[in-house]
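Consider the single chain below, provided in structure tokens and representing the form predicted alone.
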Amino acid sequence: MGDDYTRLWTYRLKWLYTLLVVFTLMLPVFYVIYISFNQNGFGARDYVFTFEWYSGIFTDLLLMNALGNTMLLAAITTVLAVPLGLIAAKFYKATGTDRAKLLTVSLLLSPLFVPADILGSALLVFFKNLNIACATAGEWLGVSWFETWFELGYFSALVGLIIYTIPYIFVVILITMGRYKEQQSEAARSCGATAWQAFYQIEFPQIRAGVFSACAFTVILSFNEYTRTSLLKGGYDTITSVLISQMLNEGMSEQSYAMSSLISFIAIAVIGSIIIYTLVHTDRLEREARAKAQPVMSS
């Protein structure tokens, strides 16, 4: 009894410590949320609770245009990067030798070890010179329709975001693949299933939580990314560029605080929903496994 009691309190203390760390890391976000409901704005002596700034978000054209650009970048990045990360994780699992696995991991995680400003600057120089080369080739050929192919814009920003997010996607999906056995796909193939059917009907349901988590993670990373996007985006605005430029110049507006809080609410709700769903789903599967493991009593 004493050992069980000790283990119970150790388990609770570990959860308490984890929650305390998360709360400490989230304190700046909670402070921004606190300011967003103040009618008098940041730094005011008196605090008056209001929802006024949240309704003002939709009348701020600068914020709405920046939000639209950011959502478009996040959506396209998710659609392109998550399948690439999934393919990379499957390639890693299918690789036989340890040297090949080490090389695969090194290549996929290498962008994490390059500082954001250096990687963004390198891509900026690359696209600038590539665009000059295309323009020069167009002059030689007497055509102009591909002179602007590689100008800074959505394409260059997407390349930077995909390079930035793929390592995280690869790790998240690879973790969930750890419990999947390749023999299940082989059994499905031996029963006549195609490679796609074996993946979609056998493998994907077991790694679905990792794929959905990678999607949510990619969207959040795309919203939070500033350095690479600001160097590669060209002439349009994103949420982070607007907020940081306001903060460095005249200060964030009350609508900007409300927009930041709204994005934080959505991110917390998405991540929290995924965690709760995973916990509930895992608990249900464990109960079903225990029920199946119990011996059947003969009547």
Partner chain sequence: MIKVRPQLGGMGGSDITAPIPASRLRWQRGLSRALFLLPIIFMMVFFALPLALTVVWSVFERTMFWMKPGFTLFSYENFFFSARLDNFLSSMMHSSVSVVVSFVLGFPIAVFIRRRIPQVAQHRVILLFILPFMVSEIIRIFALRPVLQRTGLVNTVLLELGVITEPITAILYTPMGVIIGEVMSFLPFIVFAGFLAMEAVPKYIFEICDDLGAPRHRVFIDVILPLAAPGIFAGGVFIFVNGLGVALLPNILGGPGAVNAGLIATQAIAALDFPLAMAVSAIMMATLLALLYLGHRLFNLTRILSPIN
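Here the structure is a predicted model, which is why all the values come from computation and not from measurement. We call the rigid core the largest set of C-alpha positions that still match within 1.5 Å between the two forms. Numbering follows the first chain given and starts at 1.
One more form of this protein exists, namely the form predicted together with its partner chain; it is left out here, but the text below deals with it.
Annotation: in the model of the complex, residues L25, I162 and Y226 each come within 4.5 Å of its partner chain through at least one heavy atom. Put simply, A135 is far from its partner chain in the model of the complex: not one heavy atom of it is within 4.5 Å. Proximity of F126 to its partner chain in the model of the complex falls within the 4.5 Å heavy atom cutoff. Residue contact with its partner chain in the model of the complex: S36 places no heavy atom within 4.5 Å of it. Within 4.5 Å of any heavy atom of its partner chain in the model of the complex lies no heavy atom of M64.
Proximity to its partner chain in the model of the complex, taken as a non-hydrogen atom within 4.5 angstroms, holds for one residue of L119, I76, C215, A209, which is L119. Shown here without its partner chain, the chain has Y11, K14, W15, Y17, T18, L19, V21, V22, T24, L25, M26, L27, P28, V29, Y31, V32, I35 in 8-35 lying with a heavy atom within 4.5 Å of that partner in the model of the complex. If you fit the rigid core between the shown form and the other one, you'll see the Cα of T97 move by 2 angstroms or more.
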